[in-house]
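Shown here is one chain on its own, the form predicted alone, set out as structure tokens.
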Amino acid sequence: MNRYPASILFLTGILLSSGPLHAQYAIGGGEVEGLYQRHCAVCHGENLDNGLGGSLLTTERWTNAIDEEYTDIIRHGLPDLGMQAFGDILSEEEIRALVIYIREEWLLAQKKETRRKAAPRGGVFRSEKHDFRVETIWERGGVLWSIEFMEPEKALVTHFDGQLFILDTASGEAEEIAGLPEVWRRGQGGLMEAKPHPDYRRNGWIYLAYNAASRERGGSTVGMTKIVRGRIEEGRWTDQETVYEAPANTHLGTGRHFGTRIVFHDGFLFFAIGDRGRKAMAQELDRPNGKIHRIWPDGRVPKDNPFANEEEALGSIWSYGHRNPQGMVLHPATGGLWATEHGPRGGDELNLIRRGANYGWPEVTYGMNYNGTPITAHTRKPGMVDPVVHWTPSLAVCGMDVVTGDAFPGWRGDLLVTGLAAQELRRLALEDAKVVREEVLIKERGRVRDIACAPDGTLYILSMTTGNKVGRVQRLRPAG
């Protein structure tokens, strides 16, 4: 390959960054690395940073337009500059994988500068609109999965192994709730979300989403995401009712991609189930996995759901073609339902969820397989909804919330999203359902899984210590 024209270097858009890599996101390696070394290293160098064709790592920012231009150049070459066309040598899927690989290597080259900008000074984190401090108020061994406020200074905190706590954010003391349902702790499945009903102070209902085992199939236990509701009385879980349980013949034994967040909107309950590692099922309307669902809070299926009257479809489905949504929130000002979604190696997504829409997985994606082999050449297709934002390489994007209240007025209405592999908290400024600015607020301070905005606007995150052994609830306070 040869040096890219100046038009490629004219970059606009949002700055992508990442941090220390989780093993699941082994960027910079695999089969695609061999593809690069065979066809590209002779002109661009073994490390993409020298040779007759020049460095591929000199750009400051990256956009989808750059993806498209790189793809076109690899496919058709640059004859006037001596670069051959590879369209007859490489498949479209291989070309797409090469573009992702170049983007990954660019990110690794940018990491040092990104880390420097996000580092606190004197314990104070600097951002464009607010300076803030981070303080740990509670710790617990293992993985803390979600945090949701039920009262101004009382938050529900779930532990992946099946424990539920009520955390007093003023004192830092937590009460464990006894008598919870049995959780099937398998792979990425466990106790995930705990969410109070919007009218919790009157009816007392709290909803749990968790991985539940069902019948044995061929000697192996299978299961699926289940949602129940109950009340807490004198420190015990009581009055449990099943709200959602998938048909038994759809249950799976895999330990991947359980998705799951709960959102209440217009009197309905929305929740997500990941594809469970069976990617083709995300396009099958008789399967619950790879979908966002909409039901009444008591479990009934609304008659106006998009597929409620289709004989072969599950009536609870609201949207489909999802890989693994692990963040979902209702924007209080616009009423928009936003979801973050884990991609494979690349292709994490932020989506605005629409009735009956197909979000494309696995027929379209901005990512590739973890081993560096391509999934598809397509990033978009007619009839499938494009993500509002995609992150390639992956952040391992997870929980999110909307900033409300008075603590951080400059961020009010912005989305805050968390990143596991990237160890990040990001601020996304919105205008007309578009992300117009993206800023890394916290970086490389441990894996960040969830965030909640308290009624007064103070922010709380769930993170892990560097060794991933201790879960923490941390508070963000304005500095000064």
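Numbering starts at 1 and runs along the sequence shown. These numbers come from a predicted model, not from an experiment.
What comes next is about the form predicted in complex with a small molecule, which is not displayed.
Distance criterion of 4.5 Å from any heavy atom to the small molecule in the predicted complex singles out Gly82 from the list Gly141, Pro198, Pro247, Gly82.
The contact residue chosen from Ile442, Ala421, Cys40, Ala452 relative to the small molecule in the predicted complex is Cys40, the criterion being a non-hydrogen atom within 4.5 angstroms. Using a 4.5 angstroms heavy atom cutoff to the small molecule in the predicted complex, all of Leu52, Leu98 and Ile102 count as contacting. For Glu438, no non-hydrogen atom is located within 4.5 Å of the small molecule in the predicted complex, even though that partner is not displayed.
Contact check for Val417: no non-hydrogen atom falls within 4.5 Å of the small molecule in the predicted complex. Taking the partner from elsewhere, Glu33 is found to have every heavy atom lying beyond 4.5 Å of the small molecule in the predicted complex. Although the partner is absent from this view, Ile73 contacts the small molecule in the predicted complex, with a non-hydrogen atom inside 4.5 angstroms. The candidate stretches are 85 to 93, 228 to 236, 298 to 306, 185 to 193, and the one lying within 4.5 Å of the small molecule in the predicted complex by heavy atoms is 85 to 93.
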